[in-house]
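Below you will find one chain, with nothing else, as structure tokens; this is the form predicted on its own, and questions on how it binds or moves follow later.
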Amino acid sequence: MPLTPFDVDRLVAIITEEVLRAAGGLVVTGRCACHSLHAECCPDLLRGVLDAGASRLGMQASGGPAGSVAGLIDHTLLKPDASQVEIETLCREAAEYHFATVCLNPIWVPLAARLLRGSGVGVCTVVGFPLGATTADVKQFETRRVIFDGATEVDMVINVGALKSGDVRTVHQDIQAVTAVCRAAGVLSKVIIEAALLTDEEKVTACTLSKAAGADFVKTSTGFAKGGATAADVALMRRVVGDSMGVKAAGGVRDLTGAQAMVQAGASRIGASAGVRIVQESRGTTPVGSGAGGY
């Protein structure tokens, strides 16, 4: 549904309040009890922007069984020169260690879906990756295609340039183009905000728009920008989205200590190519390379 000028004004007001709240400069009292959102952003109240009702923000957004390190990890291989043998290894490791998903480029989704069928491991892929600089309709087509091919989770990159230009309408529509398709198909959506390229105010705006567009997760990074996940960014993102969404930390999480720091900061999912190492460290066994990379 297109945004009206009224809707845009409301989003700007909500984002402004979220920025002040994240900075500790404002105590927000106008939050709905049903979703922990600003009252004017509640799915039951702001139908012009959020047309799908409360279930859009009330979905389970955890990575796996409670207490399971592996169940928090998207076992990741996104490097452009990944071979079929490496993808097969990634899937074999994911099934063996019971990771939440494998996260790979769209071309490998059919293979991963076939190899992991019945394993309990999901297939996560990326849309608009890694720059986010394609149009919303193209991202929407990508999303439809990867779901058709067997993806169970979709990580999309926002239009970073539009965000930095202050164009909240374009950013919201960009995110919603993907989340609407995912929601209709029962597929989890994650919004990569590329935190390393943003100011704190822009991070708050990106998270607020992701929440308003009905995403299931916000995610720190592609792993291809100038920086990856930081505990400070995760904590900020968690404060903005509350408990109704997941937060995925990705980029540069290479060991158990790093993963624990992200979880303590508020992450409910970890994107890492070092998933095997992390799990083995948690078990007190000798770490070995996972054969993955690119994150």
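Each residue number is its position in the shown sequence, starting from 1. Source: prediction; values computed, not measured.
The next section is about a form of this same protein that is not shown, the form predicted together with a further copy of the same chain.
Next on the checklist: Trp108, Asp137 and Gly161 - do all three of these have some heavy atom no more than 4.5 Å from a further copy of the same chain in the predicted complex?
Outcome noted: The answer is yes; Trp108, Asp137 and Gly161 each reach a further copy of the same chain.
Checklist entry - Any idea which of 114 to 122, 137 to 145, 212 to 220, 182 to 190 reaches within 4.5 Å of a further copy of the same chain in the predicted complex, heavy atoms considered? => result One stretch meets the cut-off, namely 137 to 145.
Checklist entry - So in the predicted complex, does any heavy atom of Pro130 sit within 4.5 Å of a further copy of the same chain? => result Pro130: yes, in contact with a further copy of the same chain in the predicted complex.
Next on the checklist: Considering non-hydrogen atoms and a 4.5 Å limit, does a further copy of the same chain approach Ala82 in the predicted complex?
Outcome noted: Flag for Ala82 set to yes.
Checklist entry - Heavy atom to heavy atom, is Leu197 within 4.5 Å of a further copy of the same chain in the predicted complex? => result Leu197: yes, in contact with a further copy of the same chain in the predicted complex.
Checklist entry - Would Val204 sit within 4.5 Å of a further copy of the same chain in the predicted complex, counting heavy atoms only? => result Heavy-atom contact with a further copy of the same chain at 4.5 Å: absent for Val204.
Checklist entry - Between the options Val168, Leu78, Cys91, Ala177, which residue brings a heavy atom to within 4.5 Å of a further copy of the same chain in the predicted complex? => result By the 4.5 Å heavy-atom cutoff, the listed residue in contact is Leu78.
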